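Next up is one chain by itself, shown in structure tokens, the form predicted alone.
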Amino acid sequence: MATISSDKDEPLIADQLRADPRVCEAKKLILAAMEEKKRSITGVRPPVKELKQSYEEALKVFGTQRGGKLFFPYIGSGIGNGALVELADGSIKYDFISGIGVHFFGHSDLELAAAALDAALSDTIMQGNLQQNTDAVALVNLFIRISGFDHCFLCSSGAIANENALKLMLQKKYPAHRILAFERNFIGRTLALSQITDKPAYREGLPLNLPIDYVPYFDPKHPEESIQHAVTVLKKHLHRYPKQHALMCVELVQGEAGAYPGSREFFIEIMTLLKENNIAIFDDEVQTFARTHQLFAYQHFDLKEYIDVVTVGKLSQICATLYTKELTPRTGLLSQTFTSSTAAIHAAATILNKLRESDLYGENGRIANTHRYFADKLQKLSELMPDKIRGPFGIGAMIAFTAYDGSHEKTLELIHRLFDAGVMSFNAGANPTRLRFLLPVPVMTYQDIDQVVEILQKALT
């Protein structure tokens, strides 16, 4: 993956190591063993009785050590097969939440394992501000080529990527300092990001130092009215605080709120008004990246010309802030000891290439077709059980539904019943709370969906 090549007659020592026959054979043997073992994982199975006590003790100790119990009683064994994963108690479950969107290629993917093996041969475990290897150079170049943005700054988490985006725009637009965001948005949990995220419980007890103004989000039930309402509220903010807004944070699909997609017409009305007032537009795609019908959500909605900064993360393993040359920062604004691990950098490059070379995208790509198939199954289930399930909602690899009365308590009860039955999901939003899936589309089949829907129907009753 390196962009720097050595003379053929005098290769770099690192190139010699990677090409060493012993290394190549060892890598081949490891991947063959992994492939053989993962094949035995073929479906859901309950825990092994002999492991129950030690597993429960490990959960209890781990919960105490980390200062709170895990959401699921989940400790993985370290192997899986696509959408299926083995836990340390011997059980096997469908992972339809993908670590809240991280494991898009499921569990024990051989190409990602090969990337990690290559990374293990590197001189350092972590790469950072002072020392980055050729693989980081190649990854930045790849991000720029697939996105069309001028610059790319790598980092180790979506929250850091979003913090970097804020700093870029606030520095450029100074002395403007106010921030606009959509209602129900989720952008992160750091001190700054928790003030923007529209959930007061996430900033309880924290000092507030950022002025935030909220704008209503798109309502698909009343599209024209919601556009007019959002524009009216936005104009009120701009009139009340003239030339004080530096940027607006935008989620083109509100994932944490419950998988709510916007519309191109809605965003164009909002973004045109922002551009007229010299306000930077920040597209947070940490969750939506690669999950809509195009690689980037701004491509799906055809909004590239409006976006100044976009952040990506989760399924990309390493996170990134992509931005235009107009926002090039002054020296010292962006820096960090760790960019990320060498393994994450190698995995990210492998993932981006797998995505580019796949049949996932387009109106008839695997993501769109998988969504239609799953949504049709859930729709039929809602017709059969209208008092227990409403929906489905979402877009692409993001799908959700409302269970029962949409209460937080009943939704969590259902999520845990599903877990016990062999399916992992998660909650999103409030009033109503929804049950959501972040699907590992590249490694799942329609048969997997059929089995999950069958398990869901039993759990609902």
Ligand SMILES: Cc1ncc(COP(=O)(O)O)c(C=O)c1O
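From 1 onward, residues are counted along the sequence shown. What you see is a predicted model, and the numbers here were worked out from it, not measured in a lab.
The same protein has a further form, the form predicted in complex with the named molecule, not shown here; the description that follows concerns it.
Of the heavy atoms in Val286, some are within 4.5 Å of the named molecule in the model of the complex. Taking the partner from the other structure, the named molecule in the model of the complex has no heavy atom within 4.5 Å of any heavy atom of Phe143. The named molecule is not shown here, but in the model of the complex it comes within 4.5 Å of a heavy atom of Ala159. In the model of the complex, the named molecule sits within 4.5 Å of a heavy atom of Ile187. The partner is absent here; in the model of the complex, the one residue of Asp135, Glu256, Asp89, Asp109 having a heavy atom within 4.5 Å of the named molecule is Glu256.
When you look in the model of the complex, the only residue of Asp308, Glu251, Glu163, Asp95 with a non-hydrogen atom within 4.5 Å of the named molecule is Glu251. From the list 228 to 236, 187 to 195, 169 to 177, 113 to 121, the contact stretch for the named molecule in the model of the complex under a 4.5 Å heavy atom rule is 187 to 195. Taking the named molecule as it sits in the model of the complex, the stretch 313 to 344 comes within 4.5 angstroms of it through a non-hydrogen atom at just one residue, Lys314.
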